[in-house]
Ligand SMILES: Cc1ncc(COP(=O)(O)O)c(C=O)c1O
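There is one chain below, alone, in structure tokens, taken in the form predicted on its own.
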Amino acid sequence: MDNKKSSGIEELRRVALISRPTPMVKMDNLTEALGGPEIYIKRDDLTGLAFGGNKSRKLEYIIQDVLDKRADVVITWAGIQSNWCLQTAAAARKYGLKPILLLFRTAEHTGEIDGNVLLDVILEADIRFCETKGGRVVTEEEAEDAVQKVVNEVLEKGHRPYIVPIGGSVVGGSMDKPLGAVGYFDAFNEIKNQAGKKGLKIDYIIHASGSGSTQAGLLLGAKADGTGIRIFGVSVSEEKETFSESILKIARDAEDAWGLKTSVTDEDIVVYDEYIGEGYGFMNKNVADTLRFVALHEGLYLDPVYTGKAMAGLVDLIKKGTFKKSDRIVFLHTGGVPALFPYRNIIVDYLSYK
């Protein structure tokens, strides 16, 4: 069953940004090394736009909204090595729009032209490096002040700006609906259909949760499907109490916007916050070891900010006995691999490479 047919979501249009379906394959060596359960990986790092990533699915709906509203400049913000900002800039360029990126200095980065920032430069994005008071997290007030200054500048030059909230998740800026969540409502159906063709019954989907719309979208798809697939998010930034509230709000806004009869509740939202470490953008030895563990067993690279933490969480949960050996888990690879390069010195130190 296509869950879109039971709601107003089927009326939504989207631009074409990604190659679908993205691969979903079993990680045989990792499954064996951990002694079960069966682990599959959904390769949303291979979506096809600008090194791939989960943001591309969201941007198909968001860029369509930008075009429908006849804007010609897209403004968004995040941390310096933001996958979201890179994907937004690439999507904007593909559809003839000018991207303006407000990159806030957080974590351990100073604005070096490396990783995603290098890719932003190649795209000729208008990059504005910004400071944060706390040095780690961009506050809502800081973002609003910085964005408003850019909006005023754009309007003075006679352009039509479209403001996309960080991650394309929440209603705000120029977005009057949580469009980002729809991309992963779709992705849930894609995963389910791929599993069906393989004759698999999936028990869990686990992923890195950063802004909330990926988890909200997957959760809405799972609830609409009704087969009991559980969605587990590993937070890379916020404590689970705060983050769960954000996910619930996105899910309920989507239910209201498109008439979904999913009725998501607090009990449906599972977030693990034990793997955040020092905070968003900060990695530790456990993450570095996990990057190597997966690379050695599967020849596959994860990133240090999102998927590395999520996989570290999955490995730990398996070792703690959270899952049965007979369970089947889909790990969602949300992209972000270019961020490995700005973290190279930290990774080398942790892995004691000489």
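Model, not experiment: these values are computed from the prediction. Heads up: residue numbers just count along the shown sequence, starting at 1.
Keep in mind that the form predicted in complex with this ligand is not shown, yet the notes after this line are about it.
- The stretch from 213 to 221, 95 to 103, 264 to 272, 67 to 75 that comes within 4.5 Å of this ligand in the model of the complex, counting heavy atoms only, is 213 to 221.
- Checked against this ligand in the model of the complex, the residues 86, 208, 80, 182 give one hit for a heavy atom within 4.5 Å, which is 208.
- When contacts are defined as a non-hydrogen atom within 4.5 Å, all of 169, 306 and 336 contact this ligand in the model of the complex.
- Contact residues in stretch 36 to 71 (any heavy atom within 4.5 Å of this ligand, taken in the model of the complex) are 54, 55, 58.
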